[in-house]
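Only one chain comes next, encoded as structure tokens, the form predicted alone.
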Amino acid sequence: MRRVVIVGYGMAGARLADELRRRDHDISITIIGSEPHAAYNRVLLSTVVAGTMTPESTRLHDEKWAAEHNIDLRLGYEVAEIDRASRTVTIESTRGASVLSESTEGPRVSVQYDALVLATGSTPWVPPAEGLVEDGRLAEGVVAFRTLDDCAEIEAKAHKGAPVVVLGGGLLGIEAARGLAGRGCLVTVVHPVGHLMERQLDPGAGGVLARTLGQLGIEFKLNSLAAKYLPGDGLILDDGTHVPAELVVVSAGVRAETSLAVKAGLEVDRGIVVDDALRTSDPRIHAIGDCAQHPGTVSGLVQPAWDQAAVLADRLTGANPAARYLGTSVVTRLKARDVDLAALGDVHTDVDCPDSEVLCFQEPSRGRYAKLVLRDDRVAGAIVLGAPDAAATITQFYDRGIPAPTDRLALLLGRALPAEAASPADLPSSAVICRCNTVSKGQIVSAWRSGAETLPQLAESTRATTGCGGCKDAVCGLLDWLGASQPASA
């Protein structure tokens, strides 16, 4: 029996296990997870901080999952060593270790593999400000925003009316800031760049986003660096400004977790280098998710990891030996209450670029900004803030690569639909409805025919709507169409 060992029980590792078992009921699967609890959806951590979701509701698997799927799940374990010659990994228990299988081996054991998958994810990057780190650990009153345990610590310390600083104005930093503001904290975001979310937004969109969040009580210190942390008092910025804070939340970026790969002698650059087959420099070892470096993907986002999991599962089970990962067209959505933002493709093209057609509309007073980049009559990029209908429409054109309508303004404002997609019935089966969980129309139809005839049932069966929630209207539209056009399952 072929033995697959997965190192990392985060979103990438959990998804790979699901994909493997879906294709092959007999393949041996061992998962080694350093955290003491089951895998969870990191996309939803900001809603946990905001208090709108419980930690339990973010779980990807329940306690019975491993036993029900015949998976050797070892929680609270870390890999101490990879022996590439004998194809074994030595694991040792950390905190609260448990083995959710029939194995009775001790706290330090060797596990053999035929294929090893590194899904070790990434670790928070902490700015080099004086006092943030003490004796190799974050100082008292400083918390990273990365794990479910981090959320619990933030919740315990984020009291109503308390001043809180968020270090980092990227995607996760903004989500953390909005969640904390929703709890009644007085939030200040410190960001080293002149506008927010500079990877996904241009300066115009970043400015409108800051204004929108400002109306929700969040303040900003842009073009600013933290210079010194004063426990219980706050931060001193590089210009001498003092920002009061009882809590500092670090969300300043991540770095691929590559220490295990380096120790094993694998090729590592910014991440663990992989080819289109997701193989490392050792063909028996693979890497997916945030720890992997592939030219066709962007780190720090969920969709590439899940696309990689599907490709690797095809290859490891033999379901499709020709499967290759060629990259992911990413649509980034901000998961923040009262703010609807989508960004996709090439967003940094200037309006006067000779090789592109660029349209831009902004209405800062109402929190709306839309930018559309077209090349060869197709959507090449877009930023849509405060206009969910336009975001949904533009995403359809982008995903499917179909020609844009001649009425560009209608597309920019969300008033144009693809000619062949005027209703759910016209959408192809492959059309992605829920991007957070890569759920297609075909999967929703299949789940409905199997008895998932309500929104909660569909969410449980397919996980559609359980990410950012932006697809809820589309899923409800499909449910209405299915109920009206097809007989319910017996």
Ligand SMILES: Cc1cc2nc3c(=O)[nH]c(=O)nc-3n(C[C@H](O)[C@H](O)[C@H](O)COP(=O)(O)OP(=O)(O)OC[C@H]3O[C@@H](n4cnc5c(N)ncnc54)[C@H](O)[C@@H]3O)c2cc1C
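Because the structure is a prediction, the values reported are computed rather than measured. Start at 1 with the first residue shown and count on from there.
The following text describes the form predicted in complex with the named molecule, which does not appear among the structures shown.
Participant: Taking the named molecule as it sits in the predicted bound form, is residue 479 in contact with it (heavy atom to heavy atom, 4.5 Å or less)?
Facilitator: Answer no; every heavy atom of residue 479 is more than 4.5 Å from the named molecule in the predicted bound form.
Participant: Decide whether residue 59 counts as a contact residue for the named molecule in the predicted bound form under a heavy atom distance cut-off of 4.5 Å.
Facilitator: No, residue 59 sits far enough from the named molecule in the predicted bound form that none of its heavy atoms falls within 4.5 Å.
Participant: With heavy atoms only and a cut-off of 4.5 Å, decide whether residue 432 touches the named molecule in the predicted bound form.
Facilitator: Result no; residue 432 lies far from the named molecule in the predicted bound form.
Participant: Considering only heavy atoms, tell me if residue 189 and the named molecule come within 4.5 Å of each other in the predicted bound form.
Facilitator: So residue 189 does not count as contacting the named molecule.
Participant: I need to confirm a contact call. Of 178, 371, 333, 286, which residue comes within 4.5 Å of the named molecule in the predicted bound form, counting heavy atoms only?
Facilitator: Exactly one listed residue reaches within 4.5 Å, namely 333.
Participant: The named molecule isn't shown here, but in the predicted bound form which of 143, 116, 172, 235 has a heavy atom within 4.5 Å of it?
Facilitator: Of 143, 116, 172, 235, the residue with a heavy atom within 4.5 Å of the named molecule in the predicted bound form is 172.
Participant: Only one of these stretches, 191-199, 357-365, 394-402, 286-294, has heavy atoms within 4.5 Å of the named molecule in the predicted bound form; which one is it?
Facilitator: Of the options given, it is 286-294.
Participant: Can you tell me which bits of 19-51 touch the named molecule in the predicted bound form, meaning any heavy atom within 4.5 Å?
Facilitator: If the 4.5 Å heavy-atom criterion is applied to the named molecule in the predicted bound form, 19-51 yields 32, 33, 34, 35, 42, 43, 45, 46.
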